[in-house]
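Heads up, what comes next is one protein chain in two forms, each shown on its own as structure tokens, labelled structure 1 and structure 2.
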Structure 1
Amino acid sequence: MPDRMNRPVWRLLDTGTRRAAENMAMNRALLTGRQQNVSPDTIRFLAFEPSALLGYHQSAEQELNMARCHELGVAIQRRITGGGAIYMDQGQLGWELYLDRKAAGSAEMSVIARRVCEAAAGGLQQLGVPAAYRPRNDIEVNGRKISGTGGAFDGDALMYQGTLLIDLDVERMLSVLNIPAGKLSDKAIASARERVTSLSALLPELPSRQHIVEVLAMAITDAFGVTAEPGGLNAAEQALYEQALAEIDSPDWIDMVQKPAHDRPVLSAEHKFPAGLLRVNVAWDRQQERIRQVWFSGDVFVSPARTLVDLESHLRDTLADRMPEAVRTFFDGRQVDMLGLQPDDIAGLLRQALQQEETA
């Protein structure tokens, strides 16, 4: 056992299951509190009532099936962090760090992401899951994502957060998010299941929530050379929380970014190669001429099988005119067997999808 005496102490804060607005307000309050030095360094665990969470700069019209959200009673909220829209419910355990930049050990996002994700992956390994960090922001198990993460800075205060999939309702997720997986179908569901996994899918017996919290907290605090002691909100944080909730639990916050759905179309192309059929769907940002998300499907032979999912991750937020170079960079120095399929063929198929935009 490592010697944990005399280490710096973080607060361990477990806020249970809450509405999305309350969880987002807590994000803002604790990040501001850390920045104003009224909050201690903190590791927090949380869960959500069913919610669709937009990235800070996203619009609900573009990213969500809003009618379906209303029908299913899924709350729509905006995060204070960036990235893509996600679906959350009690099947996911959220974990968050609120740290001073010194405690984080770096001002560089990639350094912090690696350190935190490798620590969290170590915790999952202790639960019996062969988890590993996948740059930039994911933790995966054999190419399938089990935890997505991201962060925000406010001055010298850092918030770094992740979600651990304990159990995932893939069909519900696909029905509320406009993921470019194609129409909701058995194929799309199967294709999503190839990309994500969960503790319940991997472990014969699911550990209790409390046990998962303890193992993750220990793994992360050990990696930072600290310990954690349970605690609650202090009065200053409670005041910041109420102030943040008033702002966030309102249509003004949720609708802060409104962009028309037709400015983010899904463009598609497919081609039958000797290695099999390859289909690509691209979530396209018309205003910025930027690829937001790519989704490959089909029956093309690629070994290792995870290659195309890794390429999807590599191509996130790529400007259209940098796409061919980004595809080439991805394959440089990588050992991939694709039965004669070349990186340029994949770039060509992506170009074909984007050309639809020009002819539309």
Structure 2
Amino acid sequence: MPDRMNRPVWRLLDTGTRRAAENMAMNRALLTGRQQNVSPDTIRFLAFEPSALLGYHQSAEQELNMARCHELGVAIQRRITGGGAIYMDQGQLGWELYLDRKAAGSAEMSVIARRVCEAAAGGLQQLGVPAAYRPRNDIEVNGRKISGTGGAFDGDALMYQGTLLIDLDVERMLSVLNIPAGKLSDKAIASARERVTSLSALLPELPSRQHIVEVLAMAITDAFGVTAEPGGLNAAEQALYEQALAEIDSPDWIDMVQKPAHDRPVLSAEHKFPAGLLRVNVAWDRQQERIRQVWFSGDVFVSPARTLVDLESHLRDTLADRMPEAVRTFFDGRQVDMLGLQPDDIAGLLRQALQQEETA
């Protein structure tokens, strides 16, 4: 890599903790600004006041426990990108890249994900955390997720986002999302804790936010052969931000997609296999005949332990008629011990759950 003094310069933008609407408006302003070439290549750090964030195409009535959100004072907001509903608060540090396609170095998202995640994992290693990239787009520590990432191109502009778990309230997160009651049991919560980790759980003393930002920023910019200098919004970006905020900070934006909860029923099935009891809950999109989300539970033996969690992610937004193939594709080439439990057994249990819809 060239000497740092002669490298291209990105802007380092730290917008601190903000309301969800403000963070979403900033997403749009920076992505639009980069696309219109009025924004420099930027690395941004951010945090949220307690918020439940919908994917762009999702309905709050279907995805969130609305009563719990109101009870806890959790703001409801809609992202400018797709994906599932997530919970965010000050215990999670967000980081984002806004880059021109040339600066991204590739048009392949898998290539970008590896480059960014390996860099961020290297930064966490400098903090004393043995982090590693896990395809497709996660960073983990000893098999437990500490950061999830994802990106999208808009024309020649890239927005790539990541979230680092500083501290995580698993019970609070699960309670605001619309998931089966069985996933809120003590055992299920304990299982969720085993799948993720955070800096506070891994380090005897938590570094300051500023130090974490500096280490991650340097690790990522080094990976791209650039440097970063602190800056703020320019006049064009400020105008884009105010325009976006006027639209996003409104009930019309949040309620843009409204689908009744009964159009996303949760279908369930369970079976006792030699490997143990396996239970499945399926969030079903009745209109599109699509599996929106899957949750596995029970006492079935599976090694590696996170296999079923990864299968849950793999099956998101799968059309019903493609489900068996999706299950088989997931297990192809994986070394998994399930005490005789076969991929076709899992597909059969899913099919059993879906058959409830046919008889409804």
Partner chain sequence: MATVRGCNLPDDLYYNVDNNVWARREADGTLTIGMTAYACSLAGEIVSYTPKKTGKEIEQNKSVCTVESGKWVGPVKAPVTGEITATNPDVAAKPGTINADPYGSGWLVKMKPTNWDGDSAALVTGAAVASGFDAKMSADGFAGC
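Take the two forms, find the largest set of C-alpha atoms that superpose within 1.5 Å, and that set is the rigid core. FYI, numbering is relative to structure 1, first residue = 1. Worth saying up front: this structure is predicted, and the values here are computed from it rather than measured.
Colleague: I need to confirm something. Of structure 1 and structure 2, which is the form predicted in complex with the partner chain?
Modeller: Here the form predicted in complex with the partner chain corresponds to structure 1.
Colleague: Is residue 137 displaced by at least 2 Å at its C-alpha between structures 1 and 2 when the rigid core is overlaid?
Modeller: Moves: yes, 2 Å or greater.
Colleague: Honestly, after the rigid core fit, is residue 124 moving at least 2 Å at Cα between structures 1 and 2?
Modeller: Yes; residue 124 is a residue whose C-alpha shifts (by 2 Å or more) between structures 1 and 2 when the cores are overlaid.
Colleague: Compare the position of the CA of residue 152 between structures 1 and 2 after a rigid core fit and state whether the shift reaches 2 Å.
Modeller: Shift of 2 Å or more: yes.
Colleague: Any chance you could measure the C-alpha shift of residue 202 between structures 1 and 2 with the core superposed, in Å?
Modeller: That residue's C-alpha sits 2.4 Å away in the other form.
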